[in-house]
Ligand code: UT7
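Just one chain follows, in the form predicted alone, and it is written as structure tokens.
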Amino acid sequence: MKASKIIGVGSYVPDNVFTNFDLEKMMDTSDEWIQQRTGIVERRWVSDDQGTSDLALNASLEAIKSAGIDKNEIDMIVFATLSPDHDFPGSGCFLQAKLDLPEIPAIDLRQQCTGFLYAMSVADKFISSGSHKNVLVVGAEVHSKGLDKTPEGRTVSVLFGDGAGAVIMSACDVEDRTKERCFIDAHLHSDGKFAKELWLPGPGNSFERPVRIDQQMLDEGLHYPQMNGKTVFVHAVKRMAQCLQELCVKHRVSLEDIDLFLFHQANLRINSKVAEVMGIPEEKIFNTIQKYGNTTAATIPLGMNDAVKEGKLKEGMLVASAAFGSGFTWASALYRW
């Protein structure tokens, strides 16, 4: 049967390191407060001249090199981001131009922290249908330019970093998806009634005003992300565990069979709680939030590349990923590296 597999991975983070001590100078916070609540020690923020597709370009070039293919063999781009270069067109088009890959389709996905798993699933469906052979899947974010870096924004702004990750998913033939090297399956979910528990209100077209943004919105801080932290935490733990379990049951895979867990990196406490609830040994979970913060759609591919470089992720390993984010959206994926 037709399937897809990951044949290359790449990542990129900006050079600028911002530690918790750097944030102490901007906000009413402390290194101890941030570490206790999130596990984050530092994050990377872009220089003024860097945009989302610039980060994506660097990650993509490394993924292409890792895959050992010519860039012209790529026949589709799927780009997950909530922080595009511009409102329109999508960042996939800007990345396509920078890669000089004219005419191939470029799809942008706006599924926030769950975006990369959605993007991998979309790529897998196109490849498994036989219509495409090599798909570049990217998750990239520039959060730092849209954060409230004053004391009023501390509960949200300390969480986020900038970065990008990418994989090349390529066509293959398998007889048994669960035993051979391939993307096995993904389960995707959402529940829009919680949309305003974690969201960016403005600019927007749903306000009873004749413009998408005005001074009143700016004065009210509606152009900064807003989050109900307790609600997000509870739902993240529940939904990540739930969708991971349902995927394992479907494919008759036990948690003990899984060699490595690459979870979305939103909060170290969330991942630790998921591990506790499911009985997953902490040493099987590869975390990067300590050094990158929450890079939203980029966290999972960033983790993949770091895990490969550190010798934690090796060919033949069975890997599980789970993510939860704004929307609410959540997803799980199972793949053999």
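Given the structure is predicted, the values throughout are model-derived calculations rather than measurements. In this text, residue numbers run from 1 along the sequence as written.
The same protein also has a form predicted in complex with the ligand, omitted here; what follows describes it.
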property	result
4.5 Å heavy atom contact, I270 and the ligand in the predicted bound form	yes
The ligand contact at Q216 in the predicted bound form, heavy atom, 4.5 Å	no
Contact flag, N72 vs the ligand in the predicted bound form, heavy atom cut 4.5 Å	no
Contact flag, H251 vs the ligand in the predicted bound form, heavy atom cut 4.5 Å	no
The unique member of G130, P89, G229, G192 whose heavy atoms fall within 4.5 Å of the ligand in the predicted bound form	G229
Partner-contacting position among L95, C113, V142, V137 - heavy atom within 4.5 Å of the ligand in the predicted bound form	C113
Contact check for F79, I168 and F286 against the ligand in the predicted bound form, heavy atom at 4.5 Å	no
Segment that reaches the ligand in the predicted bound form - one of 307 to 315, 276 to 284, 53 to 61, 34 to 42, heavy atoms within 4.5 Å	34 to 42
Within 194 to 210, the residues that have a heavy atom no more than 4.5 Å from the ligand in the predicted bound form	L198
